[in-house]
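A lone chain, given as structure tokens: the form predicted on its own.
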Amino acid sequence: MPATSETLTAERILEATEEVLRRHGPAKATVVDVARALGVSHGSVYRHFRTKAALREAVTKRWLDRATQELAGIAADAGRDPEAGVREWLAALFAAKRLKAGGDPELFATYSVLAGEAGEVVSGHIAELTGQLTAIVRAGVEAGVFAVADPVTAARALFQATGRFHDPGYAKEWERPGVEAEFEAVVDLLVRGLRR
């Protein structure tokens, strides 16, 4: 049990919540379990997160945000060829989702359940991802590389068209032989559709 003299922060609570979820799963994990793991009262946890649902949403957001950090760097690279940027961003998204699903399948299953409960968090995550992709597409339009009337709509279409490679509902397919070639074929087709 951690020392209780350590300052209780939201980050510490989220770390402990992730461990409790890993150990007990979303159906059995409680705020009392999180408090016990931290060596504090459950009231101390509730001072940072007003409800169990708020805690679960925060830990889900934290988990989803990890995937967007590398992607944000790709989207922000103004010097990159826009076509290469779209390809790299989509490939990084696919790789990040595959890593989450294959690296810790139990935790991935847990977060899939939590994401189903946290609609606003997931919607915000998708909005952030499509915003990053929009920035790349817009840069391509401004550079004269892409010929799309509306970068926002085009980015949303790219995201939706590649859903099989990042939507957790398809996670079992991500380890099938040939999935990388299928991904490349879809991305090639989509990038050709963006070109001038």
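Don't overthink the numbering: it's just position in the shown sequence, from 1. Predicted, not measured: the structure shown is a model, and the values here were computed from it.
In what follows, reference is made to the form predicted in complex with another copy of the chain, a form of this protein that is not presented.
Arg164 is the sole member of His42, Lys52, Arg164, Arg62 with a non-hydrogen atom within 4.5 Å of another copy of the chain in the predicted bound form. Site residues Thr68, Gly131 and Ile136 are none of them in contact with another copy of the chain in the predicted bound form, judged by any heavy atom within 4.5 Å. Another copy of the chain in the predicted bound form is approached by Ala154, whose closest heavy atom lies within 4.5 angstroms of it. Contact annotation for Tyr170: at least one heavy atom lies within 4.5 Å of another copy of the chain in the predicted bound form. Another copy of the chain is not shown here, but in the predicted bound form it comes within 4.5 Å of a heavy atom of Leu194. Using a 4.5 angstroms threshold between heavy atoms, Ala10 stays clear of another copy of the chain in the predicted bound form. In the predicted bound form, the residues of 176-196 lying within 4.5 Å of another copy of the chain by at least one heavy atom are, in order, Ala181, Glu182, Ala185, Val186, Leu189, Leu190, Arg192, Gly193, Leu194, Arg195.
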